[in-house]
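Next up is one chain by itself, shown in structure tokens, the form predicted alone.
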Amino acid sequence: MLESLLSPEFFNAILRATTPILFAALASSVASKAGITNMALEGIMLFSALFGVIFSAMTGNFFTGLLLTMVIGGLIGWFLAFFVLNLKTDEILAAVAINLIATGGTVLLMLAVSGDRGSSTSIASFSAPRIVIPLIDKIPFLGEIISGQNLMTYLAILAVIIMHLFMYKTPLGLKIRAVGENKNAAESVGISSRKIQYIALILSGVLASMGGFFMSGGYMNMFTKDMSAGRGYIALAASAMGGNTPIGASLVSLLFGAAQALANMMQLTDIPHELIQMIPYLTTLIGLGVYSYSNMKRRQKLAGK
């Protein structure tokens, strides 16, 4: 077991397992910075995983399938924004409704499109390619980890850099953070908080959809029922623990990705399957517990001063 944990294959698996969580964590961070908790990540990822398979099969190209899937993610983000901002629906209840619709709706859509019930085995979808990086792939150990990953994994790493620059180096990113910090103050200087929150939720939906696409077009090569498996909720925890910043969210996502990779590796042992499947979720609960305790002690310390 120790040899497996120190092998390049394990670290390679960590990056694969981190990719969908990282996309969703970035989605959560941009929505949170605008003052809205996007708990619909699970549903968006589930819908995107299915539409990624359908669109790539229809167009015969994974890239076109990805772009169309991102449009679907943005539309779901727009619908969430419409219900929350225009119809004044509770943001948590609206998100839960989307998640519940996704659970049954994806199965219904898959049945209508292909006749499959459990997995999209009859849909000839296309997956994002694996990229071998010249020179780096020749480096012992490190090359086996970094090179040969799915294209979406590299896009996730690139998305962290882009989102960091977007949030902290652009006028729109400043407006998003201003609205999230104090909506009334932002509006007093002419910023439309509703418009900014619409943009943030649409962008959040697009990012989450990329994570969903990876699950059925990278992590696996098909759609299966409920394949998001709580990754949207794990991403919410990663974003919160990372301070709702792109870099912080990415570091915590790596931790949860490592827990998922460990669970996958331990399936070859004699440990009961049910206990192994609990590892990513126990890691999330423990991490949130430590994070909440640290925040509580910090507040008590500040109050004491």
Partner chain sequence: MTCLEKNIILQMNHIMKIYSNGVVANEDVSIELEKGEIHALLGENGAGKSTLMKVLFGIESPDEGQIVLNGQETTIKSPQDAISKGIGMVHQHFMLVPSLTVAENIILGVEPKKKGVFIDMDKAVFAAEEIAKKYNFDIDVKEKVEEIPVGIKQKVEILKALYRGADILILDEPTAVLTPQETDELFVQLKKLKDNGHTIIFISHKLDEIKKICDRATIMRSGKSMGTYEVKDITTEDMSRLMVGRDVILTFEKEPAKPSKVLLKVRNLSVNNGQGVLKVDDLSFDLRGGEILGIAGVEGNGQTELIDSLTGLNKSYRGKIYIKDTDIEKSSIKGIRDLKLGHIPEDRMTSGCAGNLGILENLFSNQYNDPEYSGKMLLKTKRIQERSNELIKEYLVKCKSFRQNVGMLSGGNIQKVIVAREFSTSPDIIIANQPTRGVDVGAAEFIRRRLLEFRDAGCAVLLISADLNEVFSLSDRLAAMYKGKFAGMFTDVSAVTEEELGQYMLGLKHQEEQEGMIYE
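Since this is a predicted model, take the numbers as computed values, not measurements. Numbering follows the first chain given and starts at 1.
Quick note: we don't show the form predicted in complex with its partner chain, though the next part is all about it.
Open item on the list: Tell me which stretch of 231-239, 104-112, 165-173, 76-84 has a heavy atom within 4.5 angstroms of its partner chain in the predicted complex.
Closed with: Among the candidates, contact is made by 165-173.
Open item on the list: Quick check on residue 6: any heavy atom within 4.5 Å of its partner chain in the predicted complex?
Closed with: No, residue 6 is distant from the partner.
Task: residue 182: touches its partner chain in the predicted complex, heavy atom cutoff 4.5 angstroms - done: Heavy-atom contact with its partner chain at 4.5 Å: present for residue 182.
Open item on the list: Is residue 137 near its partner chain? Define near as a heavy atom within 4.5 Å, in the predicted complex.
Closed with: Flag for residue 137 set to no.
- [ ] Considering only heavy atoms, tell me if residue 151 and its partner chain come within 4.5 Å of each other in the predicted complex.
- [x] No, no contact at 4.5 Å.
TODO: Consider the chain as shown here, without its partner, and state which of 226, 187, 144, 90 has a heavy atom within 4.5 Å of its partner chain in the predicted complex.
DONE: By the 4.5 Å criterion, the partner-contacting residue is 187.
- [ ] Go through 178, 199, 72, 222 and name the one with a heavy atom inside 4.5 Å of its partner chain in the predicted complex.
- [x] Going through each option in turn, the one that passes is 178.
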